[in-house]
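Here's a solo chain for you in structure tokens, the form predicted on its own.
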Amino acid sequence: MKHTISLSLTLGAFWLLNSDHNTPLILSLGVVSVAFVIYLTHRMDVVDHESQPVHLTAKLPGYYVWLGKEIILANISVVKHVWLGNQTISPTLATLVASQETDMGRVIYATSITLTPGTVAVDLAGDQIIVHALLRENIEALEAGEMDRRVKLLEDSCL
């Protein structure tokens, strides 16, 4: 039930943010649309802890702040190495072992790697993530495990 309420609130907020009109007709059409989507998702049986991760709500803002800082720092590094030229880059492909226990945790980890400029999660199979990095130091930072640890803490909040 909490997943359905969360989905309804998310869809309603999304509707309001994208609609610049607040007339009774538009608002009622929004309510009907949200109700129809909720009905369809229940018929499809897709509303669960993965489609609507309510359990991540408390720790997600802190993770987003940390990830945003990492994205900014990685952008600065990539720009610096682009300006310095090809001799400063060291493209590297490595396989990392993810410590997350759930599929959602591993996907959050792989997506976080890809969101960080200079690194791309090429493949995710089981607990193995193949990562391509613009610089060898990016792989070393991932091997140090800070991102893995933070995603694991985020995941542990939902277990």
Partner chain sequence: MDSVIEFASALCLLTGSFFCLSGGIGIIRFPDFYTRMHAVGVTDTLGAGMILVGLMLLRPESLVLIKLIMILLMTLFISPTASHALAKAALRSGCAPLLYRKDKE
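Residue numbers count along the first chain shown, from 1. This is a predicted model, so every value here is computed, not measured. Take the two forms, find the largest set of C-alpha atoms that superpose within 1.5 Å, and that set is the rigid core.
Another form, the form predicted in complex with its partner chain, is not on view; read the next lines as being about it.
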Q: Given that the partner is absent here, state which listed stretch (96-104, 23-31, 37-45, 130-138) has heavy atoms within 4.5 Å of its partner chain in the predicted complex.
A: 130-138
Q.
Within 4.5 Å, heavy atoms only: does I108 come near its partner chain in the predicted complex?
A. no
Q. Is there a non-hydrogen atom of G62 within 4.5 angstroms of a non-hydrogen atom of its partner chain in the predicted complex?
A. no
Q: With heavy atoms only and a cut-off of 4.5 Å, decide whether A144 touches its partner chain in the predicted complex.
A: no
Q.
Would you classify G126 as touching its partner chain in the predicted complex, given a 4.5 Å non-hydrogen atom cut-off?
A. no
Q.
Can you list, in sequence order, the residues from 109-129 that come within 4.5 Å of its partner chain in the predicted complex, counting heavy atoms only?
A. T111, T114, L115, P117, G118, T119, V120, A121, V122, D123
Q | Cα displacement of R136 between the shown form and the other one reaching 2 Å, rigid core superposed | A | no
(Q) If the two forms are fitted on the core, does H21 show a Cα displacement reaching 2 angstroms between the shown form and the other one? (A) yes
